[in-house]
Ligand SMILES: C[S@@+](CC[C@H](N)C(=O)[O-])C[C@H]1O[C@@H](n2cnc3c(N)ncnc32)[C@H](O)[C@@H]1O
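Next comes just one chain, in structure tokens: the form predicted alone.
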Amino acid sequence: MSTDRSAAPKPGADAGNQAQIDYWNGQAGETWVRRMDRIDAMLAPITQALLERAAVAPGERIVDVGCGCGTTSLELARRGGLVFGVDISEPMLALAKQRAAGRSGVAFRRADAATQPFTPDHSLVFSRFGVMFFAQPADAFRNLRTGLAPGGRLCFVCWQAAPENAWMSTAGKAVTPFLAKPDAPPDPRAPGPFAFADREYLHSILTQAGFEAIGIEDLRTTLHVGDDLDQAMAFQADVGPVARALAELEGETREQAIAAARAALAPHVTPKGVDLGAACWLVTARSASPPAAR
């Protein structure tokens, strides 16, 4: 699940992204590197749908936003694209570059896609779960549009609301009672996995950024969270609310939270493992005219 992560801010970079920069260059980035194979396997149904919608033609120049460990960039290149992968996570980019060694048609840069200068000669801006983390999303998408030639395409996938994503919310609801309550309700549009859960808000962001012919498709599937309950719990311990519980809680409370998560997942175990529902927005749009001056 790539995100908009970037290198330490350059002069003039949006300091509002610093929290994401710090997060993805720390333990989170290292966790995604360690879990890359498992995450890619789990997300395969979504990745395939996104690649089919992107319909890359040989020779197309592509920006892969939040390229992470390079899986989507390498696949886009395999399909004939000339790919520029950008990400803010040094651990993830190090693995991406290692995987791309000796390959043609793909290059990576540690950069914040919200502020990275692009040349206006790309046919496609693409992202698998990499665009929900911008501090100023309309400005970020406007910057991405500067990289597109007239008529260039935008194609990405983002999560719908947490309750629609049982692969995360099933255990999440179970551990929530054990976690500290925030002083105020969190902003549902703050940078994070579910920042674009509101379809109308997402449409408005893209409209403000100057995109046209916007399509937001309801994409639902099931994700294989684990081959058995132990594997599912091990994965949840690295990603999502259970990971937060492990980080924040101690002693008996921590054990109670883990037990609650395990009990919530247990009814979903089948001979095939633990498969839970996921809901995304599969988004397409076009840049029909040169971007307005910023």
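Quick note: we count residues from 1 along the sequence shown, nothing fancier. Everything numeric in this text was worked out from a predicted model, so none of it was measured.
Not pictured, yet referred to below: the form predicted together with the named molecule.
With the partner removed from view, the residue among Leu223, Ala111, Ala100, Ala209 that has a non-hydrogen atom within 4.5 Å of the named molecule in the model of the complex turns out to be Ala111. Of the residues given (Phe141, Phe196, Phe134, Phe156), Phe134 alone sits with a heavy atom within 4.5 Å of the named molecule in the model of the complex. Among heavy atoms of Trp32, some come within 4.5 Å of the named molecule in the model of the complex. In the model of the complex, the named molecule sits within 4.5 Å of a heavy atom belonging to Phe129. For the chain shown alone, Asn17 is a contact residue for the named molecule in the model of the complex, at least one non-hydrogen atom being within 4.5 angstroms. The closest heavy atom approach of Val125 to the named molecule in the model of the complex falls outside 4.5 Å. Proximity to the named molecule in the model of the complex, taken as heavy atoms within 4.5 Å, picks out 59 to 67 from the listed stretches 59 to 67, 252 to 260, 230 to 238, 265 to 273. Contact residues in stretch 69 to 97 (any heavy atom within 4.5 Å of the named molecule, taken in the model of the complex) are Val86, Asp87, Ile88, Ser89, Met92.
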